[in-house]
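The chain that follows stands alone, in the form predicted on its own, written as structure tokens.
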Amino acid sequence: MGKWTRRAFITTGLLAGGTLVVGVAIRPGNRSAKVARLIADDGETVLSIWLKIGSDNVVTAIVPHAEMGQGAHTTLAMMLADEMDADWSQVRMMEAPAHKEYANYALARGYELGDMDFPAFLIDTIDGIFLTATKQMNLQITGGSTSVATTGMIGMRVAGAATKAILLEAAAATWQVPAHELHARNSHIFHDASHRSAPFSEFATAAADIDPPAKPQLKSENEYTIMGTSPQKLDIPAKVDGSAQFGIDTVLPGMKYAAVKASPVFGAVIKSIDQSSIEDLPGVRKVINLGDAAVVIADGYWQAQQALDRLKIEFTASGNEGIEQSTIFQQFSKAMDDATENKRNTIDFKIGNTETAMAESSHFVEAEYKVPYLAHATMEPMNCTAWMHDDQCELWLGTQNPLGFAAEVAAAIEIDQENVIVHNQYLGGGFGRRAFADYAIQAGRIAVQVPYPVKLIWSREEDMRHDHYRQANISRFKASLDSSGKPTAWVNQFVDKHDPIEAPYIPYGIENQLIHFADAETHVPWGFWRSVDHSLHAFFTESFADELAHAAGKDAYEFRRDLLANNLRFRDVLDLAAEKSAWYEPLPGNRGRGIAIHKSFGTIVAQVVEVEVNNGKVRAHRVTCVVDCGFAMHPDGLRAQMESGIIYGLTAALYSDISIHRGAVAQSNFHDYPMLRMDESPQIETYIINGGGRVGGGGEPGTPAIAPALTNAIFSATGQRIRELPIKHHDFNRGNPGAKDIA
């Protein structure tokens, strides 16, 4: 999947919907008939692309998102069921097929237009434009914490309410009573005046012939019966009893196994393969040269991997063999220096006049921060089972973009996209990694060369060394303070802008701000990583905010609070975090608290970390987290996502470091890319504020604030500032200099 941006949506939408400028609307209409054969069995009636009703009155939500533990399958089904007034115990979920009718038009519309309201007569046109665009982009993505905020709000809720409306209309016609005398409850239609009631299923066939309203009446918050509650997640029973199917669980008759090895240095290709060393190995079926990688197929995975390890492969020189991590950071520094000297920085955000403000001040603070490349390190390594037969290529895997993968595999093996069938499974972790189709493309290219199904499994080493990495970066700051310690100017420079656009922006009331960046492309593959640019910029900005508080001689919480006087939702979140963490309570001498707040994907999160630094070791004992996503659709699920994001972010802050040595990734497995262990995990307390406004995401916002809250806590405990992650590289048996504080 290519990088999708707001500009890409606009451009593709204009190309797809160019006729709109001359007044001709692109209207998708009722698409139920187009998907019925894909999602419905005998006795089931499709009333919308989003749902079907069985003769047993079971309502099945058709969810166009992958499930990787974030709870999307459950929460989106809840949103549909609530608006429909369905009986939750009779609701089921089916993941939508990889078909163009399930392209994420709702995600695109929400991403572009937010919760902008439209008159009913325009909605079909608006949806048609975005559907056409997302079909062309083969976009069926799960990511960016957008599932609830876009598909849920624009797709599932509307579908549920619209379906209820046509069921009521069908019942009114059947019973010959006015529709306004009817109401729905627990998957039944009631007419109180005549004491009649009947299940939804009794009216499903008649309702299927009625066009649903484009803008049905949605419930107000006080009318919710399912949204805002925490029913058991639909995927939990199967994951507990072991029946849940992940991509790596796929087993097909006659299936063989494949192991793969690409060049350690990005950009190199295979020069030669000598198979003589594996000719006597049992179970080995075939060696394939993919050009950029070597593959061994065998009867079992262990046999394939052992043979691959013995295979003699020679790679070409790519020209990147001399690159070290230190030279990459030198490249970044030089790019920033050159951009500043030659005034080639790209302005990201600017208000006021920072030069004038700084000229009027005599107190400045400067600091520079660094973060490394990061791998995704999903629990389930990359894998894909592919079977080429009858001019079709079937794929069994876990992916965050089934439709996009189908398109990319089809292009790679030169068949029509309609002939690539994707069977998406549960994902054993995604975090953005499974939005990239490299492993599926490899499996497809292997499948066309053999007559049997092949399960390709990347070793952990291959997974670690050929990821799409969160970028390394440098961020420089300079700020001026007035005589009272209030910041008057904020200047920030970094390298390589990615998504989301607002990641480096701050919520604080500083009148003069300049945020700009320089370009410094490297040979290391970039990828979406949990919370994307928010993961690094929150560390940068909230660390520097803490340094300003210290320079001003103010409490870190109170300093932030004063700067949020005109940002009350942020202030409420910050206040509750301070209260629940017992911010002012004294701690032993080797302990400290740190605070940070950041908004990402429409959700505000504040975190307070209580840390202990003892005998040179750092231990986070407690994390207090306060989250405001507007409205928590599934509160327990939101808490779980905060906990997950915190653990993921703590792991990265404490331990994670992908470094480049001789052009290749130096790390290979969990011995040199360690994870936070259960016995190291802190006590986590999460508090939810339903602050109103547009609903935000939950999967990613728990990650950004944890690193700065942790490093700020370390400063509180030791007086030692952490300006470069991970923390494991720092020696806590000796101090380090503070920020450059120029009075």
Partner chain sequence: MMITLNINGETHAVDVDPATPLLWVIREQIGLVGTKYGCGIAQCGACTVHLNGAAIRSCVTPVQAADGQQITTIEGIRRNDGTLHPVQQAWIDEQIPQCGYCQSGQIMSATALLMENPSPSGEDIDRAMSGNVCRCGTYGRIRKGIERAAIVMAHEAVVEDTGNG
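Residue numbers count along the first chain shown, from 1. Because the structure is predicted, anything quoted here is derived from the model rather than measured.
Below: the form predicted together with its partner chain, not depicted.
Going by heavy atom distances of 4.5 angstroms or less, which of I248, V177, L290, A410 would be at the interface with its partner chain in the model of the complex?
Comparing distances to its partner chain in the model of the complex, the residue within 4.5 Å is I248.
The unique member of Q641, S475, S187, S535 whose heavy atoms fall within 4.5 Å of its partner chain in the model of the complex:
By the 4.5 Å heavy-atom cutoff, the listed residue in contact is Q641.
Using 4.5 Å between non-hydrogen atoms, is D636 touching its partner chain in the model of the complex?
D636 belongs to the contact set for its partner chain.
At 4.5 Å between heavy atoms, is S459 in contact with its partner chain in the model of the complex?
It does: once its partner chain is placed as it appears in the model of the complex, S459 has a heavy atom within 4.5 Å of it.
Test of understanding: in the model of the complex, would Y584 fall inside 4.5 Å of its partner chain by heavy atoms?
Flag for Y584 set to no.
Taking its partner chain as it sits in the model of the complex, is Y505 in contact with it (heavy atom to heavy atom, 4.5 Å or less)?
The answer is no: Y505 has no heavy atom within 4.5 Å of its partner chain.
Please name which of the stretches 368 to 376, 82 to 90, 326 to 334, 195 to 203 has residues with heavy atoms lying within 4.5 Å of its partner chain in the model of the complex.
Of the options, only 368 to 376 has residues within 4.5 Å of the partner.
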